[in-house]
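Single chain ahead, by itself, as structure tokens, in the form predicted alone.
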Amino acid sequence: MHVKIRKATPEDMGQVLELIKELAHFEKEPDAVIVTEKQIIEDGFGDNPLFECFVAEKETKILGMALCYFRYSTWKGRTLHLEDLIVNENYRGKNIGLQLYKEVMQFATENQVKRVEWVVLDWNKNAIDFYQKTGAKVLEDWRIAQFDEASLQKFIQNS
């Protein structure tokens, strides 16, 4: 399917937020999204944008999106983290995800990053197979550690 891949604008963030919610539902955490459209606009399009977002658009409908941001590796230097790549369920299997993925990798190349990384759930076999077919390594020996907001507050208060 032919779609236009472009950088997102603040006006796209309502549709982007709907895709984020769709992804949360797909990942079996439908109530996890607490970010608002206003917050996404402020964080992504303010004086110090925290992320880049690319959208796949057909006419005026956003069918998919990829959101990424720069990180720093003490071993490699500047890297890029792909936070989310999602295509609306009704449009999957039409190479839209691949087009967004290529756009992120092109962005990484243009910005001369030393590594692009992302997280994939161990049960998402379709995504794992896709990434491996593109030449990406899916690491099995690293674990993700994180604090949610409540755990962070509890740690700070108790330490």
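In this text, residue numbers run from 1 along the sequence as written. Quick caveat, the model's predicted, so the values are computed rather than measured.
Another form exists, predicted together with a further copy of the same chain; not displayed. Remarks below refer to it.
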Give a yes/no on whether Lys102 approaches a further copy of the same chain to within 4.5 Å in the predicted bound form, heavy atoms considered. yes
4.5 Å heavy atom contact, Ile156 and a further copy of the same chain in the predicted bound form: yes
Counting only non-hydrogen atoms and a 4.5 angstroms cut-off, does Ala108 reach a further copy of the same chain in the predicted bound form? yes
I'd like to know if Lys61 sits close to a further copy of the same chain in the predicted bound form, meaning any non-hydrogen atom pair within 4.5 angstroms. no
Heavy atom within 4.5 Å of a further copy of the same chain in the predicted bound form: which residues of 143 to 157 qualify? Arg143, Ile144, Ala145, Gln146, Phe147, Asp148, Glu149, Ser151, Leu152, Gln153, Phe155, Ile156
